[in-house]
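Before any questions on binding or motion, here is one chain by itself as structure tokens, the form predicted on its own.
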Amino acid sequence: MLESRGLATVAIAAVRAQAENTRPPRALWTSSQLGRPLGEPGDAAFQRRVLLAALGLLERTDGPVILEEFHDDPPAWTDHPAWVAPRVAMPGTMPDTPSAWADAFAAELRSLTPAWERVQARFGRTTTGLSFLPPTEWPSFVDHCLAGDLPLIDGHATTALGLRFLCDDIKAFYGEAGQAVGPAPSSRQVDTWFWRATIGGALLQALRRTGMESGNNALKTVSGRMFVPAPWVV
């Protein structure tokens, strides 16, 4: 509709197959991580190059469909050899009861909270807060969820919605804590640490399994689709 009225449009796509299938009038495909179509946070020079490449497509009239690829990979996809992951004490065996999960999770959160707070002081912001629960209340909430209860969070109409945003908060918390000191790690480094070396990552796997076995259809749906990215499901 916009194009038919003389307004040129362009999309920045992170999934090439999706852009090829939906065929917008103009689209620039990037190889960035989902959710980061312009590349990594803080890399203003790379973000500017992506934006200029996308805006450049607005000048083209050889459509009706123009699909182009941004050929450069984001520099931060390259692992930084000097980055050291925050030290956490993974237990020898995984917790086997809801209360044990909650206790182990609470202990890990306490150990990482100083690093997380340093990041807030450093950047003046945090991306946590979607669940409306402070980190000190996360373990109790997941305890109830793992036990098969359907607790509610003020501000969210259903357990499924609250737990979905809590999982987002947990991932954001660990991602921020991982950048407290030293050089910025790549997305792959943070993800590998979180999903393979922390109680938090293992907990989200457990919440996914519990949710998918739930008789609550909404919880089953968000658990399967939202808690753990497909490459990290175990």
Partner chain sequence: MARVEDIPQPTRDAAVSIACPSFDTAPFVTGPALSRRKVAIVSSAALIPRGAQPFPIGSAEARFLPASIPPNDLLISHVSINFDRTGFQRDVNVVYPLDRLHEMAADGVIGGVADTHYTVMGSTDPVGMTEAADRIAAQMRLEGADTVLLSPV
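The model shown is predicted, which means the values in this text are computed figures rather than measured ones. Residue numbers count along the first chain shown, from 1. Here the rigid core means the biggest group of C-alpha atoms that line up within 1.5 Å when the two forms are laid on top of each other.
Below, we refer to the form predicted in complex with its partner chain, which is not included among the displayed structures.
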- Task: Find out whether any non-hydrogen atom of residue 125 is located within 4.5 angstroms of its partner chain in the predicted bound form, and reply yes or no.
- Result: yes
- Query: Can any non-hydrogen atom of residue 212 be found within 4.5 angstroms of its partner chain in the predicted bound form?
  - Reply: no
- Message: Can you work out whether residue 193 and its partner chain are in contact in the predicted bound form, taking contact to mean some heavy atom pair no more than 4.5 Å apart?
- Response: no
- Just to confirm, residue 148 within 4.5 Å of its partner chain in the predicted bound form by heavy atoms? no
- Check each of 117, 73, 79, 137 and return the one that places a heavy atom within 4.5 angstroms of its partner chain in the predicted bound form. 73
- Out of 156-184, which residues reach within 4.5 Å of its partner chain in the predicted bound form, heavy atoms considered? 156, 164, 165, 168, 171, 172, 175, 176, 179, 182, 183, 184
- Superposing on the rigid core, is the CA of residue 60 displaced by 2 Å or more between the shown form and the other one? yes
- Fitting the rigid core first, would the Cα of residue 12 be found 2 Å or more away between the shown form and the other one? yes
- Please say whether, between the shown form and the other one, the C-alpha of residue 46 moves by 2 Å or more once the core is aligned. yes
